[in-house]
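To begin, one chain is listed below as structure tokens, in the form predicted on its own.
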Amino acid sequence: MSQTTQLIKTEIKQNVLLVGLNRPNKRNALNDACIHELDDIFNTLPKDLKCIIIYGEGDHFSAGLDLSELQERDAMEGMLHSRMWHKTMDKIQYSEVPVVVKLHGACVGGGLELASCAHIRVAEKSTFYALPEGTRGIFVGGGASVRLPKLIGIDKMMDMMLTGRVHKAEEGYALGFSQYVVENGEGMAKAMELALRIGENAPMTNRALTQILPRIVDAGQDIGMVMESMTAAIAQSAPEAKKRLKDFLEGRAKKVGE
């Protein structure tokens, strides 16, 4: 099953939903219509879905906010616009199933904000990261100031915005922008490999990782520990977990590293 609009392409392969940013002539710059379409997609995920892959058509993942569509807004309108982006990005971060993003070319500004919502990031060697908002007299508004410092540290983000510094794929991997770097043209194959592997996990475990773990990290230690205990108890009481543990104990499951 596949569907293409002017802005987003979707296709399901092996219970993996492929979501393609489809503005290659604009370097997949994100406008409000793109955000609304992404919001609709994550509001109506198909049943039996195991994983999602977000990628960009053409030569780039996303060059960020489509500045040609910036409107004159007062402070309240600007805040509401930012909060609209936040609502959609939250739906990606706290998705019902894990999200893998495949990066290549520009992963800049709003594109980097979108990538930082994903749970696994695979970067091709052509990928480069930047936050040009600082040199353009504006500030990030899609969640980067909250999510990105958790990936790379506040000092690295501050450097990018103050100086316009650009990080390439392999340097970005070392800093924490992505968990994987692959040769150009191999990103989708790696993303699909990971998505299928993720899909083999117990759904309760995947849901705990996408929806509960980030909230544990954001909570204070005492609250986080209680949340962890509750999640562990719920997960291990599930029938599928009991079966998987029994299979391991009785030698029917692979050991780590095999």
Ligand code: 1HE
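Position 1 is the first residue in the sequence shown; the rest follow in order. Note that the structure is a prediction, hence the values are computed from the model and not measured.
Only in words, not in the display: the form predicted in complex with this ligand, which the text now covers.
Would you please decide whether Pro98 lies within 4.5 angstroms of this ligand in the model of the complex, comparing each non-hydrogen atom pair? No.
Spell out, yes or no, whether the shortest heavy atom distance between Lys50 and this ligand in the model of the complex is within 4.5 Å. Lys50: no, not in contact with this ligand in the model of the complex.
Worksheet item: Is Ile54 one of the residues lying within 4.5 Å of this ligand in the model of the complex, judged by heavy atom distances?
Response: Outside the cut-off, so no.
Next on the checklist: I'd like to check something about Asn25: if you look in the model of the complex, is any of its heavy atoms closer than or equal to 4.5 Å to a heavy atom of this ligand?
Outcome noted: Flag for Asn25 set to yes.
Residue stretch of 119-127, 104-112, 174-182, 157-165 approaching this ligand in the model of the complex, non-hydrogen atom distance within 4.5 Å
Checking each option against the 4.5 Å cut-off leaves 104-112.
Selected contact from Leu67, Leu196, Leu213, Ala33, since only one has a non-hydrogen atom within 4.5 angstroms of this ligand in the model of the complex
Selected residue: Leu67.
Discussion item. Please identify the residue among Ile138, Met188, Val146, Leu151 with any heavy atom within 4.5 Å of this ligand in the model of the complex.
Written reply: The residue in contact is Ile138.
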